[in-house]
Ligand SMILES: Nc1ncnc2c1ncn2[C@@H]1O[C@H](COP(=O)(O)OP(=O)(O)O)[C@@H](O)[C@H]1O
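For reference, the chain that follows is the form predicted alone, supplied as structure tokens.
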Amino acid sequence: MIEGVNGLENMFKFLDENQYVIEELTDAIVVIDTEGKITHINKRALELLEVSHENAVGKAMLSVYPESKLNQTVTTQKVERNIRLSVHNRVCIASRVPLFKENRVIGAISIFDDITRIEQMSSRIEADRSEMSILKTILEIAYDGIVVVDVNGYITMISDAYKKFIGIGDDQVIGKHVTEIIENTRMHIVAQTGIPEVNDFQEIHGDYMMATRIPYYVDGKIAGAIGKVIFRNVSELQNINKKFSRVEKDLKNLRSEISSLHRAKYNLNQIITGNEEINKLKNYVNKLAHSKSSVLIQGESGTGKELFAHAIHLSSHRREMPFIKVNCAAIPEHLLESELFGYEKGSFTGADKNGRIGKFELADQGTIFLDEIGDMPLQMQAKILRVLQEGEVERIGSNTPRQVDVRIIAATNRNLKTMVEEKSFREDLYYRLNVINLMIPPLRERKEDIILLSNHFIDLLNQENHGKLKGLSEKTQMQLFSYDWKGNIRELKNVIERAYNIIEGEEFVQPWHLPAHINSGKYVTNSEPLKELVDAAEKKIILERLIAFKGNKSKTAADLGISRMALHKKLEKYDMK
């Protein structure tokens, strides 16, 4: 580089006479006079400045290259070296030197060139160095044996663990052909063929290892192969696999045991009815069962809300998983959180020393039935909401949430909407629970089910006690029909069971077997006679069975427990032929 020119009286004359010399230089050269006009410029400078010779010589430097600082060199008379600058999006490096004649500045010269490609190469080299450093660190800390070979099978990298395993040092490995270092290797073959080999058996030091060999590519061309060996004898791996299989089997058995201890009992077929509304609800349950959405079942006490909860679970894909029942009204408020969410060991005085799993975790993959949800304290409602929103629970004494996959079915005999208005039930929880709503009608609104259910309960009691009670007398049926059944199906079952236990030799339940408040003689009047009500219920049941068996009279008769001839007579009676 030129640092200064002093006493060069014939400088410009020399440049004029030797223009061909500066043209041959690979660096770009520009010379200006004291007025900032270009006096000399070579071909390389014209290329970088993207200007023609005619539009450069004699023109102001700033008009050719507005960012130029060469004019300042004339003013400051200072030499500047290795200055980075941008010329038309190219990274260039330049030196600027003032020119003197008899100690008087007469111009300046700039020598510069494009180093963009060099910069890119430098960045790439730096990135490669960084990646190489990371890779070496990985190889140093890797537990398994890792080796890298080039396309010809020569080792370029190897993990410390592999070197220790084969008992040689770094200087004995790098640059050696892989077949010289590792017995029974196929690394050089994979590096040539480009065909990966995964989980292959390889004998090393008399033991069979599990080896994987994968080719790697640079710029689309195969550049070598990377190999990995697991330092485990194959028989040891088989033992580990057997142990894992046993643990997996034990876990499956444990889940099965939990499911058997907490299994739903009632399916849709066990919901006995001749009522149109109940049958609609049963059909609705069939459709919604496979959904994950929460369900809110509402109805008076004793209407069969729990039966529907069981049936939803058994109709869903979760049927083999646990069905966990929680009566929110029966658990004291101070124990409810630990029952639902569990606790860690030592969480509070009296806590089990091993901790305890909560109902939500027990129900994982299955269903939890929260009965009497309307009696749950507000504080606990917030925690239930979190389960619904986040799908996670947190044990008492723990800061770590646990993910659970649980479907929530809630039931109540209270008016939750009114409770929301009274601020005694959270509005957000109400809407999260009430995605699917089932409203179970009371028994007094489905009187056709009274006799049907009574006979069903008698059949069950006969099976349990080896009894032979035939059913209800007509007067008893009238009594039961007339009663208001504020306790619904639960009360009816209680009345039938009581009567069954006090009967002495009779074949039918008589009015005197009923409790005094039912057998009081004060009947609720009805415009329709009992016989017509019974006939209507019988006709409805026969029609439903015919539809279910697609008109097959033999199957229908067998299902109803009557002969085919008896069925024909009933079809004629109800004009159903």
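Worth saying up front: this structure is predicted, and the values here are computed from it rather than measured. Each residue number is its position in the shown sequence, starting from 1.
Omitted from view is the form predicted together with the named molecule, to which the following refers.
Interface residue among Leu438, Leu307, Val97, Val387, judged by heavy atoms within 4.5 Å of the named molecule in the predicted complex: Leu307.
In summary, among the residues Leu453, Val87, Leu281, Ile181, the only one with a non-hydrogen atom within 4.5 Å of the named molecule in the predicted complex is Leu453. Comment: 264 to 272 is the region of 462 to 470, 79 to 87, 212 to 220, 264 to 272 lying near the named molecule in the predicted complex, near meaning a non-hydrogen atom within 4.5 Å. A residue is said to contact a partner when one of its heavy atoms sits within 4.5 Å of a partner heavy atom; Thr303 meets this definition for the named molecule in the predicted complex. Put simply, Arg186 is far from the named molecule in the predicted complex: not one heavy atom of it is within 4.5 Å. Among heavy atoms of Lys164, none comes within 4.5 Å of the named molecule in the predicted complex. With a 4.5 Å cutoff on heavy atoms, Arg490 counts as touching the named molecule in the predicted complex.
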